[in-house]
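Only one chain is given next, in structure tokens, and it is the form predicted alone.
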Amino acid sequence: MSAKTKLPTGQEAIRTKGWIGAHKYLLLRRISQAAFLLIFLIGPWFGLWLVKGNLAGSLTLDVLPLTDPLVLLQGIAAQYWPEFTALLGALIVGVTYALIGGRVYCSWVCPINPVTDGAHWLHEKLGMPKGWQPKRETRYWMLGMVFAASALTGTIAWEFVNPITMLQRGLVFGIGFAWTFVIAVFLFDLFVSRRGWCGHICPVGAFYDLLGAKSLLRVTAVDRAKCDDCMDCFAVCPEMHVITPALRGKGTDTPLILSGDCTNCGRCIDVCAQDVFQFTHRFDTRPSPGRGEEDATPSSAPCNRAA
């Protein structure tokens, strides 16, 4: 650990890059999430139907069908064979996320992400304990249960309780029962389990984790030899366990974060004052000396903060 661990998370990056630079990807994510949500809302709110539907299934400009592959697979499990447009929409979405990274959906599209981020921010501000931490495999069991429930009930079971759908429904129709599910997720992450919903429970995240396991878009700790042990990257990462193999590796150990759990949120890039991290692709083979190894540019050691 270095003396910089005593500084507030991201403070050194703010001094080095400025506030905007230290929050660039966070701001871009919020813009992206708001844009995806707004494009579905301007129809019912203002009568401008650029897109009809929601994140489960939509039709853009009456031409482009998009279908959540998880929804389509639940329908098949319920013994409903989808129409060609639904199959085509699921193929488009599935291939896109398989290439760019499945859990990009979680950090750049899902409207529940700001809810859970808000709960985490308040959790940290109140200095609350970590709380109950279910095993990460729990979300895969939840995913299996979703398919089982669809098969047993003959319905797309998850859509009855999906907080993502409920949030959009609540924004369209106003205050109602749908908000119960969104509030429940917020309270769960705040009082029961820090980062518990997205990291341990949500079956949607589990599905997109599996879908993007071999995706092209990756974060790399390409300059890990510069890391000064401030630990900020660990503090802001929603899946902090994915950082260690890349950042602490030595010699021929890859600096790429290859875990499907990585959401490609870019926060580790934002808060690192040493610019250890950057976006790249999974075939990036640039050499990256580990800590304490010889490098063309001497450095003091790694960049980031455990939560």
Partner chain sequence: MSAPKKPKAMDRRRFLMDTARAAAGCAVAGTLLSLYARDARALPAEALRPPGALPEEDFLAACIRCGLCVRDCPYDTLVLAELGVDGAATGTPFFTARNIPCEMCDDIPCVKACPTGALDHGLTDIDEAKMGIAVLVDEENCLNALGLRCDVCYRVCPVIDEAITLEREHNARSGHHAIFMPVVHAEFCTGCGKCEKSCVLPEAAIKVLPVRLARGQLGEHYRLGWEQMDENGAPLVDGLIDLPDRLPGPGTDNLAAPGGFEPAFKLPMGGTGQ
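Small disclaimer: the values here were computed from a predicted structure and weren't measured. Positions refer to the first chain, counted from 1.
Although not depicted, the form predicted in complex with the partner chain is the subject of the following passage.
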query: Quick one: is T67 in contact with the partner chain in the model of the complex, heavy atoms, 4.5 Å cut-off?
result: yes
query: Is there a heavy atom of T138 no more than 4.5 Å from a heavy atom of the partner chain in the model of the complex?
result: yes
message: Even though the partner isn't displayed, in the model of the complex is I39 close enough to the partner chain, meaning a heavy atom within 4.5 Å?
response: no
- prompt: Applying a 4.5 Å heavy atom distance criterion, does A86 contact the partner chain in the model of the complex?
  reply: yes
field: the partner chain in the model of the complex: contacted by all of A78, A157 and F181, heavy atom 4.5 Å
entry: yes
query: the partner chain isn't shown here, but in the model of the complex which of G57, P238, G260, G266 has a heavy atom within 4.5 Å of it?
result: G57
- line: Checking L210, L217, V109, V172 against the partner chain in the model of the complex, the residue with a non-hydrogen atom inside 4.5 angstroms turns out to be V172
message: At 4.5 Å between heavy atoms, only one of the stretches 186-194, 99-107, 164-172, 228-236 reaches the partner chain in the model of the complex; which one is it?
response: 164-172
- request: Quick one: name the residues from 135-153 with any non-hydrogen atom within 4.5 angstroms of the partner chain in the model of the complex.
  value: K135, T138, W141, M142, M145, A149, L152, T153
